[in-house]
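This document starts with one chain, in the form predicted alone, laid out as structure tokens.
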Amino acid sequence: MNKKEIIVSGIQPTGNLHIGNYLGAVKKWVELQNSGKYEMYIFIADLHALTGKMTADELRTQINKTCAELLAAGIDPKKTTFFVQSHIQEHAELAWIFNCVTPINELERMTQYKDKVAQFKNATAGLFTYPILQAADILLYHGDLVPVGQDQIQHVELTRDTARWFNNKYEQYFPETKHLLTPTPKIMSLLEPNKKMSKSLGQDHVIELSDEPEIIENKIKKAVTATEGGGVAPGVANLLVLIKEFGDQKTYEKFIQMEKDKTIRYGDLKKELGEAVGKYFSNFRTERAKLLRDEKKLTKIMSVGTKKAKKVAEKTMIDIRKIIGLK
């Protein structure tokens, strides 16, 4: 029997999941998990979240929320090893070892680091070495594949390079991880459709999975649809992508044709889209609320996932310590 390929991925607990997160990552994880073809490791990346500005209390609360939201969105702890990153200390230990084989100039060329530094007045070393911890997250479980969008390929390439640098210095141990390119629609801000949907832009720019239907409808009502020159305006294109993802095919085709014919009424598009998104996440909202009321259940699920992940992580680090000469 062929060994299943290992998929590893994580998400930071930095706020409620929004539809950009869902379409860009979570929906694909659930599909891969339910295919039965892979051994899945999905984690809440709380160590990565330390590069942000949350207080300790905010982070504690958010870890629980993110756990509940991922479960409500379809992550199944019976099919996926689901855990919190910081509960496995081996992530940080392996990251330090990778620090010692990674050339500085390779980190300096990371585009996401440059983008983040532009946002922070006093960038920390954590932002700089973030991709090394990411490599450790993946290679600790011998990850073969990482599902990513186009903008994340560079990080997977660094993970592959890190494995190569380690293997060349010591011995062949880590696999050369590959990216699993997931064709994900780029979801833009409702109010600034030239920018990617992000919580950092403000609440009215994003649709959160937990938003009640009336909130969703109000946010979509405010969405920008102004036309700029010829062609489909960016805001309209964004709404059409969303109706394709959350509505039915017939409704999508209807609005695409109306846009071509220039008979489209944006108020109608917004109304139908608001109803479609609200309905799509109805079960999610119910399940999320139920899980958030049962903290013991969340703790137990995370504890079970930690035990499963810990076995693999400990075995990896016993091997690594021996390979690099630590007693």
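Definition used throughout: the rigid core is the maximal C-alpha set that superposes within 1.5 Å between two forms. Because the structure is predicted, anything quoted here is derived from the model rather than measured. Residue numbers here begin at 1 and follow the sequence given.
Only in words, not in the display: the form predicted in complex with ligand TYM, which the text now covers.
Within 4.5 Å, heavy atoms only: does Y130 come near ligand TYM in the model of the complex? Contact check for Y130: yes, within 4.5 Å of ligand TYM in the model of the complex.
Taking ligand TYM as it sits in the model of the complex, is D151 near enough to touch it, meaning that at least one heavy atom pair lies within 4.5 angstroms? Flag for D151 set to yes.
Whether H48 contacts ligand TYM in the model of the complex should be assessed with a 4.5 Å heavy atom distance threshold; does it? H48: contacts ligand TYM in the model of the complex.
Would you please decide whether K196 lies within 4.5 angstroms of ligand TYM in the model of the complex, comparing each non-hydrogen atom pair? Yes, K196 is a contact residue.
Is it true that H18, G24 and I187, all three, sit within 4.5 Å of ligand TYM in the model of the complex, judged by heavy atoms? Per the other structure, all of H18, G24 and I187 touch ligand TYM.
Would you mind picking the one in L242, V146, A73, L94 that has a heavy atom within 4.5 Å of ligand TYM in the model of the complex? Residue within 4.5 Å of the partner: V146.
Which single stretch, out of 54 to 62, 292 to 300, 268 to 276, 39 to 47, brings residue heavy atoms within 4.5 Å of ligand TYM in the model of the complex? Only one stretch passes the 4.5 Å heavy-atom test: 39 to 47.
Partner contacts for 62 to 80, taking ligand TYM in the model of the complex and a 4.5 Å heavy atom cut-off: Counting only heavy atoms within 4.5 Å of ligand TYM in the model of the complex, no residue of 62 to 80 makes contact.
Given a core-based superposition, decide whether the C-alpha of H179 shifts by 2 Å or more between this form and the one not shown. Passes the 2 Å threshold, so yes.
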